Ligand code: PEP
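There is one chain below, alone, in structure tokens, taken in the form predicted alone.
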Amino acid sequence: MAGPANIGGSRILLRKLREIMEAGGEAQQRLDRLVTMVASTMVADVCSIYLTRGAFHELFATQGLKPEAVHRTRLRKGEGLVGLVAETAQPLNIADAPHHERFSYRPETGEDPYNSFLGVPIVRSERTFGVLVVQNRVARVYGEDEVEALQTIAMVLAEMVASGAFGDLSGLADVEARPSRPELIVGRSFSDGLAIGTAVLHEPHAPLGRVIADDPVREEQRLDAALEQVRGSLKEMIEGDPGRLSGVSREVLETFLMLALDPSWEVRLKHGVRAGLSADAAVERVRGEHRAKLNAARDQYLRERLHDLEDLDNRLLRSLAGVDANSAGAMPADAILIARELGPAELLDYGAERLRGVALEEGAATAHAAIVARALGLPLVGLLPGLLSRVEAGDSIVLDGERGEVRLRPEEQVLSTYRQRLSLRSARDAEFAKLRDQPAITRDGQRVALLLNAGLALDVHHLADAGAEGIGLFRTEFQFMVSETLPRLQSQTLLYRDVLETAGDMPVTFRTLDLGGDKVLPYVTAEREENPALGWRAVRIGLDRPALLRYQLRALISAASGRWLRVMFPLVTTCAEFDAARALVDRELEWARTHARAVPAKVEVGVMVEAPALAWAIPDLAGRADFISIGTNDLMQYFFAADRGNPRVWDRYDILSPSALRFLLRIREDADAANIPVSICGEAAGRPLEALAFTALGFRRLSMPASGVGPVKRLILSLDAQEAAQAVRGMLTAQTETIRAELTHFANERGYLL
């Protein structure tokens, strides 16, 4: 039997659905009329609605099955064909349902004579909470138009259930169409802190208004205008300034534009509008399809393409809505930003003054959004499974950056507990503030210099507040990453000069561009690499493309005229690489003198020890490097052969393992023998227990995030360095994977303030 063979059939379905909803009556009566209408219009023997309640998919309404089965037939999640549709969030269209391996026979439904089966998920905000089914006695595969018509009805049904359009239907309060219960999601902390606030979606649902269009012609015109606007803005980005883009950035944008011009995307959108949906609802439906495919995709290239498609859907929704979702007026005062992933520029666009914290479904501790969050003093929790499907805009939310978890829609008792914890944190911060101007000197008189890791001018402006003695690492790549074009010489010079002037007499160590790996510039051509962490990155790029590195060195030398300039190179593997990089510094100094430009009063050139090969070549750096800084993030990645961007392995190995600590001790001893000042730089330096171990190993310069200075200074002031050194050296021979527990016990026993 044939169903609606064209768009007109879908429009008839939507018009009849509106009539059912506007006719009033009891909710169950309206659901019953709905399934009767769909079965009649699609010439189906059966139409049924299953809604998810607790651990079951419950039959809520049917035309064709036995009426007494309603609210009696309940399939466990994953059970039967209905469970398969809900599980995959994809339509299931088969001609011989009874012989499918997942078929579950329920005699109380009387579905014995039905062969063909078409089920589509009822989805809202990535949350599948039901299945809409049609069945026929005759064995047939339903046509594409019929599948699409049923998907359209399912989408409208989802919005109506979520909005409460059905009123008080027995059991409907337990159907999680719109998440409403308190939930705990455990992820991973990427930036410390606590926040209580209101969820704001980075990619929000545009206001749908009426899902069903009153005037399909006008809706198609709105869609055309929005498509033209989105495509026009992309063309403008590419064609606006011929010198603005180069290399991979142009390729990426041109690919993006190609997707925006893809006729199949436009056809899918217009199909929905011509079927009777509003333009907004048509885009929402297509975005839902893209998200379902994205969630199921395992191939990274396919996921990237689907991310692009979802981005296009979001741009189109914002264009249709005529509002900027990121405008200040749209943000509550206690906003907690919710996103799948976030770039550093996007986070900077929001700014600390508009946010209390950030929660990401994906993300990584070493991602640049996490680094920016730490610089802004914002708690950030990532790797939160299913976050986007479990939160709605406006939900109350607790973001716990201490434990790495998020609580959605918490009860008052939970909120009260977290308010107490916030009060205690405030008291602790006040205690740290009292130590701000006090030098970090151990009880037995050992002074430890606590320095700041920075990447934004904002970090440096907070230098005094943090109580640090200088900048041990200024990451220069952020200025490059948040710009669509290569920052000009003047722009770079102004940034570096501002940093030096703000720091005053305190030392600032600039790390040259650490690009490659997970740090890709839109205007620098980069090839896809099998293992980018071991590939063409950092100083390797600078030496192969010396113009880029010399350009930056020229800006640094100009900014530091008459001052002290400290420059260090990242991921140097051999002494020859360091010599080549240092030669570029000398060349730029000579260029400045030749052109009668002012030069720094003093220049020191150092190197980051991140590659094990260089760690064993410290003696060879004597007389060549003015200082070294151990970059624990990368050095431990290579030491343990564990990708620090891979959540499966990044916390499998501990820097407080005896072997890693012996390695660090060897580097420190070699540096002392070579008379080269050495520091520890990385996230680990800002954690009191790790800082205790480093101090015990003899390190006297620690560079860390701003949030770590107060806790580490308090520890240092309570510490007896000689006593700690004896204890830690005794633990280095332990046959264990980590000395974390033993060191914690020792610290607590001695009264050290961790």
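Numbering starts at 1 and runs along the sequence shown. Worth saying up front: this structure is predicted, and the values here are computed from it rather than measured.
Another form exists, predicted in complex with this ligand; not displayed. Remarks below refer to it.
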In the predicted complex, do 32, 63 and 131 all put a heavy atom within 4.5 Å of this ligand? no
Sole residue of 276, 382, 357, 631 within 4.5 Å of this ligand in the predicted complex, by heavy atom: 631
Only one of 682, 542, 606, 363 has a non-hydrogen atom within 4.5 angstroms of this ligand in the predicted complex; which is it? 682
With the partner left out of view, is residue 127 within 4.5 angstroms of this ligand in the predicted complex by any non-hydrogen atom? no
Using a 4.5 Å heavy atom cut-off, state whether residue 475 contacts this ligand in the predicted complex. yes
Against this ligand in the predicted complex, would residue 405 count as a contact residue? Criterion: heavy atoms within 4.5 Å. no
Examine residue 514 and determine whether its closest non-hydrogen atom to this ligand in the predicted complex is within 4.5 angstroms. yes
Want to guess which of 543-551, 458-466, 218-226, 632-640 is within 4.5 Å of this ligand in the predicted complex, heavy atoms only? 632-640
